[in-house]
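Only one chain comes next, encoded as structure tokens, the form predicted alone.
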């Protein structure tokens, strides 16, 4: 790969939601990435655009996009099956692995995850942005299978195998914030996308929860490899990245019978995470506000309207959010939320 230009500017990223037409969004020189949601979103060959496999309930209006802006000119391309875009000290990347196309495979999520993470690690090193800040993982039939044969558990094994193959070990202090969600668009392939940087961020854990990488054996042979949140590199103009967060206290699911109870427990976990982040970054707002951006994943589409109403009541009118139909990584979890805050 050719040498990359030097960027001295501090990393800068903003995240927003937009219903502007996709071509207009992609025409902006500072757009690092744009995401559409589900089969109702359009397709586009631009490497900065990804249609992810969770569904917005169709409402007859314009599609809603998530837009990342780097505030610096962006260059982009495709290398070895990876779409990438570089804006100064930040790198967006995305890969999709068709499980059924793997040699000798009839839908092997473990092999797909290992291959995806091998390629991810090679890409961020080759581009000179070796520090993962945030990853997202979308896989079909996430809770299909029993015991250690469950697809999410096998994904965790494959992800860890790919990381170990590239780096030699799983190092908790360098794990990114992350989300792993079940696709609902009917496509049986693994989507992984990420944000990495030239300088490391600060991974954070939640005092109310056992760190995911320390989960007991009952959750599978390989604990999930992620941090609960990530503060951006020092001196950057970027938000706090919040991992996929649900109604888990310690390591156990709470309020399995109640979507309202799970939402309130999830928001309590975010309060705890933000309080932890504020010990390092006191200027962060203490609560979600107009500068936050939340993606809310709901397992049962019949509960989406209830969740939208509850969110409006709990958060107020100023906090922007998108509600998506998606499967969650535990069968007793009805919802999960990720997003960004501050910045």
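Residue numbers count along the first chain shown, from 1. Everything quoted here is computed from the prediction, not taken from an experiment.
What comes next is about the form predicted in complex with a small molecule, which does not appear here.
A.B. asks: Using a 4.5 angstroms cut-off on non-hydrogen atoms, would residue 143 count as touching the small molecule in the predicted complex?
C.D. replies: No, residue 143 sits far enough from the small molecule in the predicted complex that none of its heavy atoms falls within 4.5 Å.
A.B. asks: So in the predicted complex, does any heavy atom of residue 178 sit within 4.5 Å of the small molecule?
C.D. replies: Judged by the heavy-atom cut-off of 4.5 Å, residue 178 is in contact with the small molecule in the predicted complex.
A.B. asks: Would residue 124 show up as a contact with the small molecule in the predicted complex if we use heavy atoms at 4.5 Å?
C.D. replies: No, residue 124 sits far enough from the small molecule in the predicted complex that none of its heavy atoms falls within 4.5 Å.
A.B. asks: Flag residue 248 as yes or no: does it have a non-hydrogen atom within 4.5 angstroms of any non-hydrogen atom of the small molecule in the predicted complex?
C.D. replies: Within the cut-off, so yes.
A.B. asks: Looking at 182, 162, 244, 93, which has any heavy atom no more than 4.5 Å from the small molecule in the predicted complex?
C.D. replies: By the 4.5 Å heavy-atom cutoff, the listed residue in contact is 244.
A.B. asks: Pick from 87, 158, 224, 232: which residue has any heavy atom within 4.5 angstroms of the small molecule in the predicted complex?
C.D. replies: After the contact test, the surviving option is 224.
A.B. asks: Have a look at 67 to 75, 194 to 202, 260 to 268, 224 to 232 and name the one stretch with heavy atoms inside 4.5 Å of the small molecule in the predicted complex.
C.D. replies: In the other structure, the partner sits against 224 to 232.
A.B. asks: Candidate spot 137, 152 and 336, all three in 4.5 Å heavy atom range of the small molecule in the predicted complex?
C.D. replies: Yes, because 137, 152 and 336 each have a heavy atom that approaches the small molecule to within 4.5 Å in the predicted complex.
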